[in-house]
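Here you get one chain, nothing else, as structure tokens; it is the form predicted on its own.
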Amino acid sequence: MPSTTADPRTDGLEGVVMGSTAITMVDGERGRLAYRGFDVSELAGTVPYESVMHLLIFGDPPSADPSPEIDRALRHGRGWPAFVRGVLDALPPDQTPLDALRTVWSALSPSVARYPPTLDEAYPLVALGPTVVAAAAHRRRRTSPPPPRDDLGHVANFLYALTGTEPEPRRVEALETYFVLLADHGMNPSTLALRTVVSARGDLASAFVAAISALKGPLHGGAPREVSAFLDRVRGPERAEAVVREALARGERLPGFGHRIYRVEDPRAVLFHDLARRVAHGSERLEIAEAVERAAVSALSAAHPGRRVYTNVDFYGAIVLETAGLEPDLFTPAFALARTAGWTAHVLEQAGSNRLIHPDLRYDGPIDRGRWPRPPIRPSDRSGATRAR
């Protein structure tokens, strides 16, 4: 049997530098995150998502906020291509919004199945994303989605598409800040999948499908939903300590704590906590989350002396998504929609200076086992040998 011994130096590619990028700097040692040289703390809550997308793609701030180029392209692409409605109607009624989006992106592949990918091919995928996610959410509720609003920004239109009502400014602020802070984060699993597809000269839609497939898992884009489910178990601030203690005693991983990259506080987690205090001030849900944080930090610090314990981007990010009015099955789609800005930038960067991504694996299985234990079977005898058995 092959050995299952992990090598902490390379398993999971931790610490392995696979290339270079000019898009996003992730400094886990110092707790810094910057898009094209602009610290995210300078962008969150002050710069529209369209302008952040412009920055990530073009490398410089736009001429105005929101970016006229990005704003125009995303408004133009919100409408339904004729066949997309048929694609959605063919899906099971209870199909998740995330899987619906993945299916629609895959169906769009023939129209963008060229190499190298272009920005004009990316715009429709990004613009149509909120429309598809909202329509899939309405299908599960057995309701009809409203037509897109041309007078609303990208994030506000998404909230309108989900509810059919004018979104409250507080909810727009919460979700737009979420989109800005999740727009990119270097070489994470979904971006690695995306850039690998592009490196093999795959088309843009296939790259987006690969990225959203990687994002779906609970250790990546699915994490905020797990945080929300854990807070549901707590039910009240006074129960936080007991629930955390019981979860750790059962060997459970506490969702929303720890990060593979950051050795200090994740700057996005700090910003999300501040945002949650502002948009969810006085809510019992925020009180529960803060009580869980105190209990978890205390318990984990006692179990691992000398190790600093912090919340990650998903913990208070879940509170922000709840405050924006999103249901838990929309948390991961919201993550994916936010990340399309970074995915677009990475597609173009990878194609602009491409080399096939082809890492090796360390083989630790048996060697030189000799001959096969039975006489060989000629291809012409294979069907007869099968019948004889």
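Small disclaimer: the values here were computed from a predicted structure and weren't measured. We number the residues from 1 along the sequence you see.
Not pictured, yet referred to below: the form predicted together with a small molecule.
Contact check for Glu252, Phe257 and Leu300 against the small molecule in the predicted complex, heavy atom at 4.5 Å: Checking in the predicted complex: Glu252, Phe257 and Leu300 are all within 4.5 Å of the small molecule.
Look up in the predicted complex whether Leu248 has a non-hydrogen atom within 4.5 angstroms of the small molecule, and give yes or no.
Answer yes; at least one heavy atom of Leu248 falls within 4.5 Å of the small molecule in the predicted complex.
Is His304 close to the small molecule in the predicted complex, meaning a heavy atom pair under 4.5 Å apart or at it? Residue-level check for His304: yes, a contact with the small molecule.
- Any chance Pro218 has a heavy atom within 4.5 Å of the small molecule in the predicted complex? Yes, Pro218 sits close enough to the small molecule in the predicted complex that at least one of its heavy atoms falls within 4.5 Å.
Checklist entry - With a 4.5 Å heavy atom cut-off, would you call Ser206 a contact of the small molecule in the predicted complex? => result Ser206: no contact with the small molecule in the predicted complex.
>> Exactly one residue in Ser228, Thr96, Asn312, Thr131 has a non-hydrogen atom within 4.5 Å of the small molecule in the predicted complex; which is it?
In response: Checking each option against the small molecule in the predicted complex, the one that comes within 4.5 Å is Asn312.
message = If the cut-off is 4.5 angstroms on heavy atoms, which of these, Val234, Ala137, Val172, Ala223, is the one near the small molecule in the predicted complex?
response = The option sitting close enough to the partner is Ala223.
| What stretch, of 88 to 96, 286 to 294, 313 to 321, 141 to 149, brings heavy atoms to within 4.5 Å of the small molecule in the predicted complex? | It is the stretch 313 to 321.
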